[in-house]
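Below, in structure tokens: the form predicted alone, a single chain.
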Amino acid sequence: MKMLIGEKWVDKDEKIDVCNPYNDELIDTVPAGDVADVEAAFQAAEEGFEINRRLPVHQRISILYKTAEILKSRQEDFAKTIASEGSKTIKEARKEASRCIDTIMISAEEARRIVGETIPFDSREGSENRLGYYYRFPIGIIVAITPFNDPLNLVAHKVGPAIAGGNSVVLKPATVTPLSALKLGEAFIEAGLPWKILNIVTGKASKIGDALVTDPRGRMISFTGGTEAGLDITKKAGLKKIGMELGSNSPVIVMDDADLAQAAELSVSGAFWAVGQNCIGVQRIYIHEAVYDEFEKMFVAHTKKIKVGYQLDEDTDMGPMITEEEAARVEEWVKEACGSGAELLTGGQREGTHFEPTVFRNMPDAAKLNCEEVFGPVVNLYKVSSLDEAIKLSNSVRYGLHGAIFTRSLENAFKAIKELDVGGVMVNDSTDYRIDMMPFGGVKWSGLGREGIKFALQEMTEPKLVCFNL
């Protein structure tokens, strides 16, 4: 496939191989973009911004709806692309493709709701003759940098609201999973999006990352990825808006009055969805001591039923990790935990890019698997004596994206809602739950700002005040 820059699809002599992580089979190649390609993309995006800011809102809505229709007509093809270039099983990929359709449709719906309001200037003595309002205007070029774990829908979460708000985009998809983003670009162009509004540069972050984030023509960086990369971007970006969805280490609390069957089933799904390569995946579970043994038995039994294999097989529950390097990193963390006294309940073995779904108990506080984001199929079980202890331990790490509690008590639920230091609290559900219209983001080192179309649009537009002295 080719890059989308300006008014054409651009190829290069130097290529990047896109391979299936299950067997390293070559799927396709994409151009290895360089700094000159980034410059061309910014030049085109400057013109694209002038085009989109002048498009009537109804035209943006029409383009977004048409894109969603194209996605729906090719949903299975998109799902196969997601599964082939990434780690998701075909069943997981179908859900992502379906969610992407929702994301683009919500972007169309929210485009008509970018509104302002009147200002009562006469509330200030001396301003009796003044009348005014504010409206929201697009900020310019959005630099979008997306990860491998949701290679279609997380692109849509940046491109959809950017277009809806009248901006232009320079997009860099993940190097290992660029095909879904390029196919989405094709759908936008086919739907009638004017050239230059959306530009997609494929390439390695080491070669083009600095050029993307430091260019002053970019008025906002919307980044989803690792915390360390996010910190590096903030140091280099300069004076511009920054929206970041970074790492997490999501806690789940299981109280003694919980529906244990529900808690175990949903927590297993939340821990091992997409091989645990999920920013809101379950990593730490704090279980009340009165039900700990029963819950542990149920959780381990569910985990052992997970079938690991080729991600395009219909009966596979969990596919490979994205690269062997990532799988080897998780293996090192598991060995470190075992060496420091953690008790392995199941899993822990790696074969190439495959890593068994893994469950620990008695994880030491200082172990990486306790305090860092594993981004792999590993979950830790902890015994606690009270809700206060569970909340304190949940808040003990530097991350705060989602938290969850399983309980039948409203008192317990609202205590967790109030005291968990996270961006979202799920009650009687996994931390992995998300729909695309809700505000999504974290506190502490889990990010800045919120995604979710309505909320992203607030970041990608600014209020302009108008005041008449009558």
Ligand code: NAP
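Every value quoted in this text rests on a predicted model; they were computed, and no experiment measured them. Just count from 1 along the sequence shown to find any residue number.
One more form of this protein exists, namely the form predicted together with the ligand; it is left out here, but the text below deals with it.
Only one listed stretch (104-112, 348-356, 238-246, 191-199) carries heavy atoms within 4.5 Å of the ligand in the predicted complex, and that stretch is 238-246.
Note on contacts: among 320, 203, 377, 160, the single residue with a heavy atom within 4.5 Å of the ligand in the predicted complex is 203. Listed residues 225, 185, 400, 218 were compared with the ligand in the predicted complex; 225 is the one with a heavy atom within 4.5 Å.
Using a 4.5 Å cutoff between non-hydrogen atoms, residue 173 counts as a contact of the ligand in the predicted complex. Within this chain, residue 146 lines the site of the ligand in the predicted complex, having a heavy atom no more than 4.5 Å away. Taking the partner from the other structure, the ligand in the predicted complex has a heavy atom within 4.5 Å of a heavy atom of residue 229. Heavy atoms of residue 440 reach within 4.5 Å of the ligand in the predicted complex, making it an interface residue. In this stretch, 279-293, the one residue having a heavy atom within 4.5 Å of the ligand in the predicted complex is 279; the partner itself is omitted from this view.
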